[in-house]
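Below you'll find only one chain, the form predicted alone, shown as structure tokens.
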């Protein structure tokens, strides 16, 4: 179902043979803008497989002009795998919720201002991160749909840790390939705002592989971001030096791609290999309402 205009990408045969979904590359490292597929309608098994192939190939997929609803987003999420519960709601209350709002909108008339604790907490999203890298089984993909977007700010930036890994060179790759790293939500987010005690207690630091391999095509990437705290077996100084070096390499300005949201945009991104962050916006002046779901990964990274 994909007719891909890919530029530098190596196109799998399953993508070359399909003809309903068109993908235009948006950056030399990763990313595609998709036409020809309604994510809110019934998806065939071929459609779902084509989405999995495109996720593996492009890492970030943008679908403009989607007439999304919460119900349709949950159906799409379940089609791609097992929905992942919100760690925030579960951590604070023990309740299970699979979809949540990213932004400051409460209802049609009300919103939270910039000083509201909820708004302050969400500013943690402005750090480069991979969703749920701090969970034993981290996320496969996130799905984010824009309903209300501010006229200034509120963009989402993405970078490819896969492309950055290729820029390391073989000697550096060999140095890091077998390392493990602790990912720690509290370490990351308390730099921005306090973390609720219940929430913090539900998320102890988790050991992950530093280098991950895509199971379909075998391409590798390092796996860091703001939640990456320390390298197992290394001193704190050496740990931070390596993690900071990898994060800086991945997030060089020329390597970033910016999603400038329009209402109706749906974006699916691969948390296994990309980092993302919000650009921030003036919550005192503007409304922002995005709805997010996530798909749980295939298993612990240590089993990969």
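If you're wondering where the values come from, they're calculated on a predicted model, not measured in any experiment. Residue numbers count along the first chain shown, from 1.
As for the form predicted together with N-oxalylglycine (OGA), it is not shown, yet the points below apply to it.
For the three residues 155, 269 and 292, verify that every one has a non-hydrogen atom within 4.5 Å of N-oxalylglycine (OGA) in the predicted complex; reply yes or no. Spot residues vs N-oxalylglycine (OGA): full contact, yes.
Against N-oxalylglycine (OGA) in the predicted complex, would residue 195 count as a contact residue? Criterion: heavy atoms within 4.5 Å. Residue 195: no contact with N-oxalylglycine (OGA) in the predicted complex.
Residue 277, heavy atom within 4.5 angstroms of N-oxalylglycine (OGA) in the predicted complex: Yes - in the predicted complex, heavy atoms of residue 277 and N-oxalylglycine (OGA) come within 4.5 Å of each other.
Going by a heavy atom distance of 4.5 Å, is residue 102 a contact of N-oxalylglycine (OGA) in the predicted complex? Residue 102 belongs to the contact set for N-oxalylglycine (OGA).
Look up in the predicted complex whether residue 129 has a non-hydrogen atom within 4.5 angstroms of N-oxalylglycine (OGA), and give yes or no. Result yes; residue 129 sits at the interface with N-oxalylglycine (OGA) in the predicted complex.
Looking at heavy atoms inside 4.5 Å, which stretch does N-oxalylglycine (OGA) contact in the predicted complex, given the options 175 to 183, 155 to 163, 89 to 97, 111 to 119? Contact-bearing stretch, as computed: 155 to 163.
Contact assignment for N-oxalylglycine (OGA) in the predicted complex, among 214, 125, 139, 77, heavy atom within 4.5 Å: By the 4.5 Å heavy-atom cutoff, the listed residue in contact is 125.
Residue among 149, 231, 144, 206 with a heavy atom within 4.5 Å of N-oxalylglycine (OGA) in the predicted complex: Residue within 4.5 Å of the partner: 144.
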